[in-house]
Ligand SMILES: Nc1ncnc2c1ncn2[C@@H]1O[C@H](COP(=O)(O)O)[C@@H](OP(=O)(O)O)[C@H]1O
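As structure tokens, one chain now follows by itself in the form predicted alone.
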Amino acid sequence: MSGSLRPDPSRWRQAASVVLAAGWTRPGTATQPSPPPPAEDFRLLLLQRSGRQGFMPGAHVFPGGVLDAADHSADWLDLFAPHHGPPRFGLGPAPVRCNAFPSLPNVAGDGNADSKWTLPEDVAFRICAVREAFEEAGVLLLRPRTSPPDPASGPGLALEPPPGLAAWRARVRRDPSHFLRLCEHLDCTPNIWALHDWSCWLTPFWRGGTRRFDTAFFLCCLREPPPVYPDLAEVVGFQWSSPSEATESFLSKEIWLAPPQFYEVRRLANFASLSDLQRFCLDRALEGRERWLPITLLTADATLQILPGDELYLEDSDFFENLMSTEKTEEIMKEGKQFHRIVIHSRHLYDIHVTVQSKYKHVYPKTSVLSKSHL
């Protein structure tokens, strides 16, 4: 077994994404009552990618994108002053490193694998996630510089969009360093303290796939949903959906979710309220993020994404650039006992099987077998 990935033609690029969960109170009128509300009292922001995008065209995703050199520039130090002291800009003690596998020696952010970090890594990733939320959705996860950060505070609010929003977004899209200029102009900092460690996904190998990402997922709770302005370039639409609503929209083919997004939506279905979700994030703040690379297993009638903890998961770099396969079909599920896997029957039909215990105080999705009722 090996813990490192041998160099290969594909570039692993560092990226960050933010799952925005907002409180939701939209009562109906006397003449037009609302339909029965879903079990959850919060909604998730899902952005629809343009069909012209080379990676996951048309998918509904959480805001996010590739880390840029501007996200870890030393120029941020002056803006964050005096809130950039230890530990970690007020974020608290560094979380534990959850797992050593896999190690990716050829990961790059802005294309320069040798670029020197001038900010703590987890600060830079949070800045990236906040910047991408602004670029793609026009959402400003900022806080006034004069307001001392409080990582333990309850759900906050996004900043009201400033005049000239479109012009600022155009500048930032052309040159991400202009995001710092925008923050200076507003006398604000990215609200890195509102972003909680959630998960980390590595793009699994697939034949012909050349774009592979090492993406940190953060979770941010907001008291109410901010206005969203799709950039109409990368993002052509959006919706606020509860986890149960997003699941139903996926199964009914109204939206398409890639397996990691579907898994996270189902994981979030464990929470009935925004306050429970916020409290959960604070309670596990020192645990950090698990970093997962799914291993792909092809069977006669389905594709399985095997996740850490599953009895078929192998910490072997051979499977980073190769697929597993078997002639077995139903036997692969009947013979095993220790499951942590996504079973992909078709583009809009996934099952999740989880029998392992979650680690690092996190929560895994409940087993959900949907195929029989949706085939």
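Don't overthink the numbering: it's just position in the shown sequence, from 1. Remember, it's a predicted structure, so these values are computed and weren't measured experimentally.
There is also a form predicted together with this ligand; it is not shown, and the following applies to it.
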Against this ligand in the predicted bound form, would residue 197 count as a contact residue? Criterion: heavy atoms within 4.5 Å.
no
I'd like to know whether residue 53 contacts this ligand in the predicted bound form, with contact meaning heavy atoms within 4.5 angstroms.
yes
Although the partner isn't part of this model, could you tell me whether residue 332 comes within 4.5 Å of this ligand in the predicted bound form, counting any heavy atom of the residue?
no
Any chance residue 66 has a heavy atom within 4.5 Å of this ligand in the predicted bound form?
yes
The one residue among 88, 83, 185, 173 placing a heavy atom within 4.5 Å of this ligand in the predicted bound form is 173
Proximity to this ligand in the predicted bound form, single hit among 122, 290, 234, 245 (heavy atom within 4.5 Å):
234
Exactly one stretch in 132-140, 148-156, 222-230, 281-289 has heavy atoms within 4.5 Å of this ligand in the predicted bound form; which is it?
132-140
